[in-house]
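Okay, so here's just one chain, in structure tokens, the form predicted on its own.
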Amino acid sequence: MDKKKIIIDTDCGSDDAMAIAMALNDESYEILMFSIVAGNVSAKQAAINTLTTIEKSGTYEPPVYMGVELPLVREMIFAHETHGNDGMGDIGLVPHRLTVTPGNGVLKMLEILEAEPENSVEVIALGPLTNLAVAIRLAPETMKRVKRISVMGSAGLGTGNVTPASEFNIWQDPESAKIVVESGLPMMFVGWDACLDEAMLSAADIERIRNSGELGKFAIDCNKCLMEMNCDRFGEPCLDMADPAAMAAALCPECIEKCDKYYCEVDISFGISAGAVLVDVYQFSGKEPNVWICSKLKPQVYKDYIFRTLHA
């Protein structure tokens, strides 16, 4: 069976790491490359974390390219309180063998889209959308060759995780998100709401993964800071796995319970709603829907996909 081809764009923090490990262990897909963007941590640290994750996953080793290292307009504000200063729980994880591949991640993404058949490569974006916005501005016709862009981004139909209305990835670089949303390309946003409530990994789920072997231990231990935060935020040890939710929705659509197409636009103001993705649920604008919003997963199907791809 021919494998489906994907490119992963990541600001690799601890939940990205779990998502990447899942994708590397899904035998239906081939990751052609990783492009690195700044977000959870600096781009250089995100590259280190991606290389570490590839080594820990123990499968194949796609090339990792550096992309854009700053948002288009705004200052960087990292997520150290959520993922640790190194983005991976500050437990000393580093790659022992792999290094970044020379070349620019945005240009390499465009090269691959030109070389592969049209509508055969999906891009999965786990961080701010800076690399994709630059690619769209540089080569809009080449980007039209993409099969779909799947994004971990937006609050979905719920509330934000960094402001009342905004989710971190979009809030970090809303100008880039606006370019992507207005590009007309086929895309699905998986909102933060998709990984909440029954879709959160419970204490029992966490133990099952952690006790399953070295890969599971890595996937849980690097999320140490997030788990500690969630004990305060939700009152119990649990993990809201935003990037694994997006990866599961992209690679295993059977996980999806609610995904509808709406007209969306991105707030690029500098007020309290900066970075919000405004989802026109009731069609007030009268405009054509432009983004699929996945706002809910089937909890057990989603968790079973995590267990399968992490060998738990």
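Remember, it's a predicted structure, so these values are computed and weren't measured experimentally. Note that residue numbering follows the sequence shown and begins at 1.
Same protein, other form: the form predicted together with a small molecule, not shown, and the subject of what follows.
Of the candidates 209, 123, 242, 113, 242 is the one whose heavy atoms come within 4.5 Å of the small molecule in the model of the complex; the others do not. This chain lacks the partner; the member of 222, 152, 129, 194 within 4.5 angstroms of the small molecule in the model of the complex by a non-hydrogen atom is 152. Segments offered: 298 to 306, 7 to 15, 284 to 292, 20 to 28. Contacting the small molecule in the model of the complex at heavy atom distances within 4.5 Å is 7 to 15.
Interface membership of residue 183, defined by any non-hydrogen atom within 4.5 Å of the small molecule in the model of the complex, is ruled out. Residue 40 belongs to the set of residues with a heavy atom inside 4.5 Å of the small molecule in the model of the complex. Proximity of residue 168 to the small molecule in the model of the complex falls within the 4.5 Å heavy atom cutoff. When the small molecule is considered in the model of the complex, residue 230 lies well away from it, no heavy atom lying within 4.5 Å.
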